[in-house]
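The chain below stands alone, shown as structure tokens; this is the form predicted alone.
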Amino acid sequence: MTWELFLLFFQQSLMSGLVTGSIYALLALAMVMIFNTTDVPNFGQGEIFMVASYIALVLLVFASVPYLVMIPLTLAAVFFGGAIFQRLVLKRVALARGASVNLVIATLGLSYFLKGVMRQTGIAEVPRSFPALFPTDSVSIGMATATVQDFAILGLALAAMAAFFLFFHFTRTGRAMRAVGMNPRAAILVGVDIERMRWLVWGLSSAIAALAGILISPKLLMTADMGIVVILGFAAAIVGGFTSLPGAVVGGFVIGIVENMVGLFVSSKAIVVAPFLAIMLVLLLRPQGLLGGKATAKKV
């Protein structure tokens, strides 16, 4: 391989990795939010991502809703769907005081339920294409090439992450969510409504997954199984640190870039293994993740 070819592959994989990594970062962010607040990994996150994409498709194509109306409507619908699931299902499972694994099983149940519903509606019977939200004209940066749509995906994903961090650190509700994640009992003692915070976290994390679905759907073939991409969100959360929100973002970009570099420098067939090799390497060298802190016992 010549030096020029190496530079071309490197720049192209970096550019493509930033775009796909921004979506993995959003999914990882959504999962880490729920885990930090409830200590439960949400195995239904991929299906929330999938359902949101189909809701957006129905509004945009079948109902002819304008783009600027479709996006907030989809985010609102998925937000309330996630919040309702937490209130009607997870809260009751938790009150039953069974094994903690019951909550995990409930999220798995959500995954199968959403996938089954989508298949029964008929809309997911055949693969579908999502209309491009932005122009697909090519733009060159250095030796790499990307589309206007790619830059829009990256820009909107970064803007959403920045807005989320501002909300989480500089608003009263955001600080209350952080308090619930750090020490639920202390949060209750200072007047935080812990149940309200939990359904808000579920709603917000569902909306973040919905945004990821809307942004990436034009680049995917839509099926009822498209939620499988959440595995890469889990990989990003593990690499960055499952207890760290900034780590989830960093992990998303790491997985995206590694995946694209392996695809260009090694083989497209090796792409599926690249994220898991990254996970194994991080777990061996830094088990808590790149930005995760040392494991501590959480006071409840």
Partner chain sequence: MKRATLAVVILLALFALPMVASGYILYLANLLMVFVVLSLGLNILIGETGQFGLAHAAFYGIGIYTAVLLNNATGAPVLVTLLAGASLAALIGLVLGAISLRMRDIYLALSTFAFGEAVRWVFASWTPVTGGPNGLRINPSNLFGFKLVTDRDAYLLVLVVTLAFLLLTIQITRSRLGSAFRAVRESEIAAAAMGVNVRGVKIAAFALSAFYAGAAGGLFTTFSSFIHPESLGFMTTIMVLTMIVVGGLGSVVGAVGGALILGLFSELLRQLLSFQEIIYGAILMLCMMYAPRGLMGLLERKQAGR
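Positions refer to the first chain, counted from 1. Just so it is clear, the structure is predicted and the values come from calculations on it, not from any experiment.
One more form of this protein, predicted in complex with its partner chain, exists but is not displayed; see below.
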(request) Go through 230 to 238, 22 to 30, 248 to 256, 57 to 65 and give me the stretch that gets within 4.5 Å of its partner chain in the model of the complex, heavy atoms only. (result) 230 to 238
(request) Could you check which residue among Val93, Leu156, Ala146, Leu220 gets a heavy atom within 4.5 Å of its partner chain in the model of the complex? (result) Val93
(request) Using heavy atoms only and a 4.5 Å cut-off, determine which of Val139, Val117, Leu73, Ala163 is in contact with its partner chain in the model of the complex. (result) Val117
(request) Kindly indicate whether Ala132, Met261 and Leu264 are, all three, within 4.5 angstroms of its partner chain in the model of the complex, using heavy atoms. (result) no
(message) I'd like to know if Val272 sits close to its partner chain in the model of the complex, meaning any non-hydrogen atom pair within 4.5 angstroms.
(response) yes
(request) Report yes if any heavy atom of Ala77 sits within 4.5 Å of a heavy atom of its partner chain in the model of the complex; otherwise report no. (result) no
(message) Just checking whether Ile279 would be counted as a contact of its partner chain in the model of the complex - the rule being heavy atoms within 4.5 angstroms.
(response) yes
(message) Test of understanding: in the model of the complex, would Phe85 fall inside 4.5 Å of its partner chain by heavy atoms?
(response) yes
(request) Output the sequence-ordered list of residues from 102 to 130 with at least one heavy atom within 4.5 Å of its partner chain in the model of the complex. (result) Asn102, Val104, Ile105, Ala106, Leu108, Gly109, Leu110, Tyr112, Phe113, Lys115, Gly116, Val117, Arg119, Gln120
